[in-house]
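Form predicted on its own, single chain, as structure tokens, below.
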């Protein structure tokens, strides 16, 4: 029988984190993944930032909780080095207009209790001497950092497996099914049926069509993002980097390669195919942005690039909820490109919701019914 306490749809960082925390409680867990491997979507296709700065006010408490309570000990807990470094985040500015943007971000973060400040050119160059002379200041959050997304996902997968969670790849779920008013079964493309007391949909943008099978809809759009990886270079800095205009972000990895992502403004217009093909404009645009802030990297070779799709929610924060109209269902999607940095805490909260426990943190701002028309 394909029966377990919880079925999770989606084997990314958040789905695998939820699987781990559920299995840690002694629950039987089945994770269904449509791809041939775990973490093949956005979980392995992002810049690896573990940031609190620049967060929506609703997400900030989650990010701060994760940085304080989960990320520092995660390598030890999961038994694998996830390459987590907490060396701060520089968000760079070149103009007075940029600095006004950074001042607004700093004020917003400070209002949420985060230690973030605005620093001048000299202070920024003391932290990172390789900055362009054009950088006149930065927003600085000393408790931000970065980790390796592929290793985080793999570590949660391995830890969940050790605790008995079952993973099935190549299992594309096509619909959810209610029995006696409760969501308790999922059906795959090959006709397999999996049943559980609790079903968790953590499948990125694919969550939308699955939720539609039980009459729910979350206003999301798929948005293309692309990252580049350079050849190895001597270690220069450990900080996470970003800019006021969000035209590039990234960090230098443990092995010396730089991992950078960027934005060129045309991402919302890319044709969604669910695949990993980037746009021809992406890499040149990101490279121009990087060189403008770090001229020293001009001659560095790019060894590969990758693309992925964000499940961008209408209000740019996720849905994490047990909708009252669908008993037995837990939703975790719409992370809007901010999901990796809060993946441990999001997984833990979804485990709370899927097991019927009171969430560790307040998730009321992530309710599904926030989109319901007010009459």
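Numbering follows the first chain given and starts at 1. The model shown is predicted, which means the values in this text are computed figures rather than measured ones.
Another form exists, predicted together with a small molecule; not displayed. Remarks below refer to it.
> Out of the stretches listed (109 to 117, 72 to 80, 130 to 138, 195 to 203), which one is close to the small molecule in the predicted bound form, meaning heavy atoms within 4.5 Å?
Replying inline: Contact criterion met by 195 to 203 only.
> Is residue 337 close enough to the small molecule in the predicted bound form to count, meaning some heavy atom within 4.5 Å?
Replying inline: So residue 337 counts as contacting the small molecule.
> Just to confirm, residue 217 within 4.5 Å of the small molecule in the predicted bound form by heavy atoms?
Replying inline: Residue-level check for residue 217: no, no contact with the small molecule.
>> I'd like to check something about residue 171: if you look in the predicted bound form, is any of its heavy atoms closer than or equal to 4.5 Å to a heavy atom of the small molecule?
In response: Answer yes; at least one heavy atom of residue 171 falls within 4.5 Å of the small molecule in the predicted bound form.
> Would residue 41 sit within 4.5 Å of the small molecule in the predicted bound form, counting heavy atoms only?
Replying inline: Answer yes; at least one heavy atom of residue 41 falls within 4.5 Å of the small molecule in the predicted bound form.
> Can you pick the one in 90, 227, 155, 176 that has a heavy atom within 4.5 Å of the small molecule in the predicted bound form?
Replying inline: That would be 227.
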